[in-house]
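The chain below stands alone and is given as structure tokens, in the form predicted on its own.
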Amino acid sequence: MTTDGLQITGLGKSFGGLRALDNVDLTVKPGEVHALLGQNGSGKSTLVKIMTGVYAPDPGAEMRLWGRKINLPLTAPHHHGIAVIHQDLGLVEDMTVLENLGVTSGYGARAIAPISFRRERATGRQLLKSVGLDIDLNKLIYELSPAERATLALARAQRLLQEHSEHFVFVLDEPTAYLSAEDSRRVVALMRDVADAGSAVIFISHRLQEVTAVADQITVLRDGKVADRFAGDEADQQRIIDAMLGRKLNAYYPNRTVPAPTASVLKVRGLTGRRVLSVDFEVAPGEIVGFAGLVGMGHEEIPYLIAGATPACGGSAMFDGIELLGQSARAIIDRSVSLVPGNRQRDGVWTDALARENLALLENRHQLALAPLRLSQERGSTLSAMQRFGVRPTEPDHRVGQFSGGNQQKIVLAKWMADSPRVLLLDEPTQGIDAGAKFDVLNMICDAAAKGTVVLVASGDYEQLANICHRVFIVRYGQLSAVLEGEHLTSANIARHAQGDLREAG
């Protein structure tokens, strides 16, 4: 009989009166990619934090690794062969590949022996070879592609585990969240290779196409309990979504309304930034316009240039006859222009503050310096916004850092969309959000457009762009290379134009 890589039984966890996990069992075999799925707030993050010793479980839980019972709460998870690779990867941008590979392992130093950089380089080359990565050890992290970074993070985790354990359990928590479709495929293929080499792999993702492509087994959590469990070859996206929501989702995308023919109100001419080169376009009220391209081509920079978050090098962005470029961020916000950034942890939320403090930031910008804050009013408006956007738990006085990543994204959206902006600039608005919440968020975006808001969306989710946008501009090497609309606006055509295969795209 094959020994299970990981076996968890009777796992429970409560926070006050909130039951985050309720009698959860999970078994992952060696050589298996086991997908752990669920809506934001379903208990996935809590389970991972118990596995890594961040939280102690409630009494009665049992955990075994490779047949050996492990005392809980867990200490030093890497000593037991467990490594978690989060979506932010934990790499240091200004350090080299070699330095990042050794930083968690003390660079192989011994008590009285100095670091041997010759040995470190040999170890580094061997680690990169083991994950199929051919890059210069002296390269800085910020010079690497997203897929290379994700692969490097896996190699580093593998080194740490090798020093303490013979068997490995890898937990990959949304490793493809910030990756393009092409880079995601590379990371998913690497995940398969790691499992085939004998490790037990837990894959957490909201990208269901990736899950059905790679998972051997799937466990779905809902409200802290196991809602369903099935083999990967028995899975389809509809079954997964039904299990996640506890109901059928009749449509993946909201209905797209056709805006009435009106004059353009946002007119962009010669927009130039670090990657964007003299871009021209116009958008009318009620239009949803998408921008797509491969990572680094410049499409993701356009919302930030218009919002003033990234200084423009040249050009013009006129809204209702008023120039936006060169104005302060506050002046642009006061013009009813809102930017929802793609990196919520860095740019979107204040994680150490309360949910109500984050959600009230825009409203409180008009507060007089010496005037007292009306906390009851702030709490009431925050509660209403959290309910409208489906933030779970609906607790205005929780720190934002206590919410799951998807619920943090909902808080960002609620903050910027609360005042019904006239221009809504979005960078990957549904990143890290589950299927049910994704539909709700896209429905709010489409509803805003139906009321006359100008909407710009930069995204690598081509299927999403094809289903909610009226037009999609393709950006290649900083310039607009194509515009797709009508019957030509399909995810396949977006992908082909983004790749530059114009013959296939017609």
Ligand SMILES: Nc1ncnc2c1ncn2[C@@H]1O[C@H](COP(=O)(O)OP(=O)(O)OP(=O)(O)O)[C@@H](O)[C@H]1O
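The first residue of the shown sequence is 1; numbering continues from there. Please read these numbers as outputs of a predicted model, since none were measured by experiment.
The form predicted together with this ligand exists for this protein as well; it is not shown, and the discussion that follows is about that form.
Exercise. With heavy atoms only and a cut-off of 4.5 Å, decide whether residue 393 touches this ligand in the predicted bound form.
Key: Answer yes; at least one heavy atom of residue 393 falls within 4.5 Å of this ligand in the predicted bound form.
Quiz item: Might residue 77 be said to contact this ligand in the predicted bound form, defining contact as any heavy atom within 4.5 Å?
Solution: Result no; residue 77 lies far from this ligand in the predicted bound form.
Quiz item: Is there a non-hydrogen atom of residue 402 within 4.5 angstroms of a non-hydrogen atom of this ligand in the predicted bound form?
Solution: Output for residue 402 is yes: heavy atoms within 4.5 Å of this ligand.
Quiz prompt | Any non-hydrogen atom of residue 492 within 4.5 angstroms of this ligand in the predicted bound form | solution = No, residue 492 stays farther than 4.5 Å from this ligand in the predicted bound form.
Practice problem: Would you mind picking out the stretch of 44 to 52, 443 to 451, 464 to 472, 59 to 67 that comes within 4.5 angstroms of this ligand in the predicted bound form, counting non-hydrogen atoms? | Solution: Residues of 44 to 52 come within 4.5 Å of the partner.
Quiz item: Would this ligand in the predicted bound form be within 4.5 angstroms of a non-hydrogen atom of every residue among 40, 87 and 174?
Solution: Spot residues vs this ligand: full contact, yes.
Practice problem: Only one of 415, 206, 156, 186 comes within 4.5 Å of this ligand in the predicted bound form by heavy atoms, so just point that one out. | Solution: Exactly one residue meets the criterion: 206.
Practice problem: Would you mind picking the one in 406, 290, 429, 293 that has a heavy atom within 4.5 Å of this ligand in the predicted bound form? | Solution: After the contact test, the surviving option is 406.
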